[in-house]
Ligand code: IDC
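Given next, in structure tokens, is a single chain: the form predicted alone.
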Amino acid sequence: MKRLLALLATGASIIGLAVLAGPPAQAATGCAAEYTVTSQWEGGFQAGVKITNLGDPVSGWTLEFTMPDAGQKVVQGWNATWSQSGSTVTAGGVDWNRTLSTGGSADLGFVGSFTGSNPAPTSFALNGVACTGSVTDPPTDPPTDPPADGTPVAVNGQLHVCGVHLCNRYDRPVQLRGMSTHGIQWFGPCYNDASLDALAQDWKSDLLRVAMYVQEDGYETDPAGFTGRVNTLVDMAEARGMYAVIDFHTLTPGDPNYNLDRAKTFFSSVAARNADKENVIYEIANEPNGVSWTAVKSYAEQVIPVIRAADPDAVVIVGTRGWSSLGVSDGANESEVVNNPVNATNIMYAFHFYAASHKDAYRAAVSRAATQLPLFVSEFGTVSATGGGAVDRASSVAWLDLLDRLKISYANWTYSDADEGSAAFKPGTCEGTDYGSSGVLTESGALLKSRISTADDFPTS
């Protein structure tokens, strides 16, 4: 993934900070802050602040800095409690980073807005003490970075939600890019060793979404059999270093509560079986439709505890109203989720789109929602909402650029040879062994492969 250049001339500024070794507050040398603008767009930006303690251990800290331009505002932050009064921004340590040992560091981040210029913040201080320290040496015992050619799972490990982002083992925001299966009851032959080797090695995909339909000749016809197929695909993804999204693919009927008992049975089983894996993400309701957000929320709050009982750490994706459009396809918007979120932690909200049908109004909703909600585009197509028709390249590229800019993970529909415009492969491809060459790719497949196969940029420090 390509990262926009920071606005700072050097890409980062190293500033000595003061730390609190115990009352009264004292300035300590050997504390540093690194501020970097990681991406910027019209009227907005994303920035990171890394604080490193090179002095005595610190327990409890508050970082303050000044925004030089009156139009600069913190919109949403993570890995700290954030507030802003006038031009002064305050970030306080949270449970997992409140204590900084010697050589310890904390990575903070935020999404900001600006109306004029966007210069780097000034006047950093820790625990109310002006920055007086200087940095000449790196932290002792820094984390060892994984090899550059490590698989997505090897590099990032167990994922979790931090603020509005999906974050890796280093508490840094990451974007996963990959493909979704079609219904495994129909296109099972497309998912074999050769196709998954190609997905991991040729496509360089970070994830495989396993679409297990509940109705339409799916799970309800053979619960044990379909559960076994899902687990096999999870193992195959794990063996290749890819994340696996287990998709409980509800579509018709649109009220997920219709399948509540089935969901509890299924997720109880797969969560218990896969709890020790780092590569599993659970998607509990594909596309709720014809149903209120209150009903979807009620379903989620009954299914998530079943997963948590067996697997307390994995990320869970919750479908949203209007075919997972945050309600936009029903004439609503993201505010219903913002104002009435699911009562659970470590969750993300699904957003689905089809580029030829869903354009500026939907992109605007995602741009707004991404400042307040952790989003995961667990399904999208380059064509119309029917899954067919011509590829809308301009809209598809606009969507992909937006998701890259916001670091929103995605899975494209579909890694299959279905006879429809959304399929990545030409019909008949799954009867052979070639899943990587240009000759088997549709226009949609060629576009997605070109985007997914560009190098990942997973931060490890």
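Values in this document were obtained by computation on a predicted structure and should not be read as measured data. Sequential numbering from 1, following the sequence displayed.
Same protein, other form: the form predicted together with the named molecule, not shown, and the subject of what follows.
The candidate stretches are 65-73, 413-421, 400-408, 426-434, and the one lying within 4.5 Å of the named molecule in the model of the complex by heavy atoms is 413-421. Though the named molecule is absent from this view, in the model of the complex it lies within 4.5 Å of a heavy atom of just one residue from Phe114, Trp293, Trp186, Tyr258, which is Trp186. For the options Phe267, Tyr349, Phe110, Tyr213, the one in contact with the named molecule in the model of the complex, meaning a heavy atom within 4.5 Å, is Tyr213. By the criterion of a heavy atom within 4.5 Å, Asn286 is counted among the residues contacting the named molecule in the model of the complex. Interface residue remark: Tyr354 is counted as part of the site for the named molecule in the model of the complex, having a heavy atom within 4.5 Å. Looking at Gly218, you'd find every heavy atom of it more than 4.5 angstroms from the named molecule in the model of the complex.
The shortest heavy atom separation between Glu379 and the named molecule in the model of the complex is within 4.5 Å. The partner is not shown here, but in the model of the complex the stretch 376-391 reaches within 4.5 angstroms of the named molecule through a heavy atom at Glu379, Ala385, Thr386, Gly387.
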